[in-house]
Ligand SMILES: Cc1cc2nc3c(=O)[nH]c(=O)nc-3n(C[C@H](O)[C@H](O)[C@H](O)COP(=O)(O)O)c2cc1C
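The chain below stands alone and is given in structure tokens; this is the form predicted on its own.
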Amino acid sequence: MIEILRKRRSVRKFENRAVEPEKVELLKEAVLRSPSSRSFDPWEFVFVSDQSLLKKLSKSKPHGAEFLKGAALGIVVCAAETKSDVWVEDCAIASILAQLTAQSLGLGSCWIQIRKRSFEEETSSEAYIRGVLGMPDTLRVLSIIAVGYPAEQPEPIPRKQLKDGKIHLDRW
């Protein structure tokens, strides 16, 4: 696992290549195995491989989503907030498990933050995505995970560059 963490970097450029169905199935299994508080499993996932939909989703916010149109797959991570008071945390765990699983399969990924972002002044990114995908208004969207074969390989961050000062032993 530590090797996956060492190599995982945000990838925003992808090869024009589909992700094999068996790898998509493993990604689905990974998110469904994601832990959730009190096993409420409030999350839902929309796996998007239709390029016209990925292009529309890439416009969900003014900055930081445009690369989605070049990905082979987008995983929309959402939840019914009425099912759990910690739906954000549960969806965040599922999002990172999708990224780590992608890395383990030789794929690249990047988290696209959606919650608390705007599509336009009067429209949230969440509302825009719900409209594009025909999702019920009861669902909240936390993130989209862009997935595909990396066309770039960002270098791992060297151990000496990690912020050891963020670690406190026994007391602050």
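Start at 1 with the first residue shown and count on from there. Bear in mind that the values here come from a model prediction, so they are computed numbers and not experimental data.
Only in words, not in the display: the form predicted in complex with this ligand, which the text now covers.
Heavy atoms within 4.5 Å of this ligand in the predicted complex are found in one stretch of 128-136, 34-42, 100-108, 58-66, which is 58-66. Contact annotation: residue 23 falls outside 4.5 Å of this ligand in the predicted complex, judged by heavy atom distances. Using a 4.5 angstroms limit between non-hydrogen atoms, residue 27 is distant from this ligand in the predicted complex. In the predicted complex, this ligand stays beyond 4.5 Å of every heavy atom belonging to residue 13. By the criterion of a heavy atom within 4.5 Å, residue 51 is excluded from the residues contacting this ligand in the predicted complex.
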